[in-house]
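So this first bit is one chain, no partners, the form predicted alone, shown in structure tokens.
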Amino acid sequence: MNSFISKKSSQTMSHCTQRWTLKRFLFVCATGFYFQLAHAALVDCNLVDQSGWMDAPGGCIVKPLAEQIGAGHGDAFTSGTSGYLIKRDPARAIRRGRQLFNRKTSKAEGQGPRVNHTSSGDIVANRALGAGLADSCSSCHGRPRGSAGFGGAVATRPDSRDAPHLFGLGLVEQLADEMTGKLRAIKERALVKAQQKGRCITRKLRVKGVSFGKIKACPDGTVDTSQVVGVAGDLRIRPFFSQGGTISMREFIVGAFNAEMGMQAWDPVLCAVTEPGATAAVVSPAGFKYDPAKDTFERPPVCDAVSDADGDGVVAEIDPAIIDYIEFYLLNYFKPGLYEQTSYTRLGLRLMERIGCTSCHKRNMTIDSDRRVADVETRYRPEKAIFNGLFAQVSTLFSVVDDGNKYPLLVPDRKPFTVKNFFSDLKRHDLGPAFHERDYDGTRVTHFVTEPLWGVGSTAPYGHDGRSINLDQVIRRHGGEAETSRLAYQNLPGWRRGAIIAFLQTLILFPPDDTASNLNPGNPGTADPQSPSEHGSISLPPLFQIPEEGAE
């Protein structure tokens, strides 16, 4: 297999000075420093006819793949590496991750249906044998255009799965990780107390307003988890995949490259924490702490950069820098937006609360220590908006730390952050047989993580398998633990059910390329959306700090 690289070329662009504030970002945009965002899936400008590419559907990526990889995986002190850009030019790192996420790969770069050489084997042990073929992450997560949004069905079980949207994914990872830490802290305190008292004691597992049942800790160090609900006995919340199968975004990314695109990544982070007999704790460039003493992580398909160490014909095709950039992009990716609120939609929210929907679909949750470097709040603001009536407000979440380097560190503030209109408890529930699905071995999967409702107004069809055609039908499909709320919904008068649907339809995804923001407001004076050049966008190049890296 060929390596995931291409020839180098050189591009340059204007730049801004080292010390950034949001006020200066806006000044730069106002003086015309703006680079048009392209749309997924994106091809390499150096590999296709460039004539008129800015007007072509999808556009293209300015920087060749070899230059996107640069000096590869590294740290904050090694110029040109992913670690250096993430710590010193995070907006560029996010932008590069976005380009790699949407990048269309070629046969020469290793793309192809090669789960193994024969596409044969035990599908229960290796469900990737049932996966479809994609040549870009945006093949499954690319709508609205240019976004890490939703796409078509992904075949991972006989019943298939809808590809979920990835808006706000970094917030989901952080919430799940913090909740896991708090659950385990309750367990550790219970063990200490049991030893002090010389008898078994029971403690409730309640974190961020969500109850996960209770544990019984005993002086001999044993813990009875038989009354734990909604999470496995190890108390690790796994927020990814609808059944709650994966801990982190990085594991998700490496697995998706392999299972969906037939491309194998070697990753020094995941390889280190899964090395047989020699595991080591590692923090990823995006700040996720991998501790093999507490959790078991998914080992990459290959853990050698060059050779076929296992003799199975699998060699590395994905440079770890690519994984670094995509992980950081998804950590900081925009959360869904909120569309126009009226007295009718506000009634719908109150009714959801009254009939019990928000007992599982919790509206808001707070992150204690936010690892992101920026936040984007997108709302219906027709007085400022041009396309779809939406306007996004970007705010930075970092501080500048001068460590003597040519470019200073831009360090996340790690302050608390309230995730609004999230509508999930990240807990696994049994919603009855209408939601159950078959697995390849003939068993049924019965428990699924509560789907966050943000973005639900844009993501028909509904249910993790896409079998419900509209919001009314997916609500009526609820049973099991949600039976009471479903019956309460069915017993409402039609106009009140309509209010609930109307509110849910205001929880929307949006196209970043066409949504005006305080970074690029477009032309607010126009009432005509027919001119894309005047739409505005959530444009990241004005935030770039290292000019010699050129255009993306």
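Residue numbers here begin at 1 and follow the sequence given. Please read all numbers here as calculations on a predicted model, not as lab measurements.
Just so it is clear, the following notes concern the form predicted in complex with a small molecule, a form of the same protein that is not shown.
Q) If we take heavy atoms and a 4.5 Å cut-off, which stretch out of 81 to 89, 351 to 359, 266 to 274, 385 to 393 is in contact with the small molecule in the predicted complex? A) Only one stretch qualifies here: 351 to 359.
Q) Is P239 a contact residue for the small molecule in the predicted complex, using a 4.5 Å heavy atom cut-off? A) Because a heavy atom of P239 falls inside 4.5 Å of the small molecule in the predicted complex, the answer is yes.
**Q.** Partner proximity in the predicted complex: Y489 to the small molecule, non-hydrogen atom cutoff 4.5 Å
**A.** Because a heavy atom of Y489 falls inside 4.5 Å of the small molecule in the predicted complex, the answer is yes.
Q. Taking 4.5 angstroms as the cut-off for heavy atoms, does P412 touch the small molecule in the predicted complex?
A. P412: no, not in contact with the small molecule in the predicted complex.
(Q) Check M261 for me: does it contact the small molecule in the predicted complex (non-hydrogen atoms, 4.5 angstroms)? (A) Yes, contact at 4.5 Å.
Q.
Please tell me whether the candidate spot formed by M179, L183 and V210 is one where all three residues come within 4.5 Å of the small molecule in the predicted complex (heavy atoms).
A. Spot residues vs the small molecule: no contact at all.
Q) Taking the small molecule in the predicted complex as the reference, which of L235, I94, L338, L169 has a non-hydrogen atom within 4.5 Å? A) If I apply the 4.5 Å criterion carefully, the residue I get is L169.
Q) What is the one choice in R371, H73, H478, K104 with a heavy atom within 4.5 Å of the small molecule in the predicted complex? A) Here the answer is residue option H478.
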